[in-house]
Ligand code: AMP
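This document opens with one chain alone, in structure tokens, the form predicted alone.
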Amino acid sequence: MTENLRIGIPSKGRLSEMATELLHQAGLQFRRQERTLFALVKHLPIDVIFLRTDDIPVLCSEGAIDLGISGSDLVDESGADVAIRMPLGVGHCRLSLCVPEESAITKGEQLDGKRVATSFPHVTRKYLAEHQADAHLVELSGSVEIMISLGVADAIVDLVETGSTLAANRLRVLTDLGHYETVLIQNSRKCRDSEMAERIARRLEGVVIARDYSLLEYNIARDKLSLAEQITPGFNSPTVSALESSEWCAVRVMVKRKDVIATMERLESVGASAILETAINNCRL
């Protein structure tokens, strides 16, 4: 291994694909050879290390890697001493305490003396202690949702995304223990190349912000410009350009992607025309 900046990403699964795509969009060109555990980034002093997802927070804390992409649920569960540099806008989920639909349990205190199955023993113990519940913890590495059906547990603590798995197993959420997403983490004490780490963080920030925004362009009569600017104020202000007709101008502005359709309708209602949406791949704000 070199003394290049080291970035740890998951070696397989959906999170591995998301992390690889993010780094590629941030301009890090690398290719993983079959069965290898690391890849060199082209034209930059960076090594990408492929690791087990739940090892990344621990290895970052120990200094084996400088930056890592992992789930904040795993950071919380591991208790690793790392700094969360930024959320990456993907992999949203919640860690929930679930019981059977017909269960009489309505609050955490009622788990006293019960069996709770989970892949997150650290977070679960903390919750149980806060609710003075002395429960027997069944620690598992997967398939937690079927443990109640198998008679192994009275409740489970597991990650929930859409809730479809809970419905299939006739479970209901009693409470959420935390909300999580994919994050960029950094060793809290040392870094092989702090300047490069900051550079990579800024690149990733540009990708993440760009995913949330679209560029809107439209024409508007000058006497209606103030109304349009109230709808699309932009960050500092919109970019306004003169058209050949002095009575009209063209506007370019960033808009939250989730608001684009409604914004286009509002602009149209005040007289805007030729309204176009363009995707943004990267940006710096």
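Everything numeric in this text was worked out from a predicted model, so none of it was measured. Quick note: we count residues from 1 along the sequence shown, nothing fancier.
Note that the form predicted together with the named molecule isn't included here; everything after this is about it.
Engineer: Please tell me which of Ser149, Thr106, Thr162, Ser194 lies within 4.5 Å of the named molecule in the predicted bound form, judged by heavy atoms.
Structural biologist: Looking at the other structure, the residue within range turns out to be Thr162.
Engineer: Name the single residue among Glu145, Glu198, Asp212, Asp81 that comes within 4.5 Å of the named molecule in the predicted bound form, judging by heavy atoms.
Structural biologist: The option sitting close enough to the partner is Glu145.
Engineer: Please determine, with the chain shown alone, which of 198-206, 110-118, 123-131, 154-162 has non-hydrogen atoms within 4.5 Å of the named molecule in the predicted bound form.
Structural biologist: Heavy-atom contact with the partner occurs in 154-162.
Engineer: Give a yes/no on whether Leu140 approaches the named molecule to within 4.5 Å in the predicted bound form, heavy atoms considered.
Structural biologist: Answer no; every heavy atom of Leu140 is more than 4.5 Å from the named molecule in the predicted bound form.
Engineer: Quick one: is Cys93 in contact with the named molecule in the predicted bound form, heavy atoms, 4.5 Å cut-off?
Structural biologist: Heavy-atom contact with the named molecule at 4.5 Å: present for Cys93.
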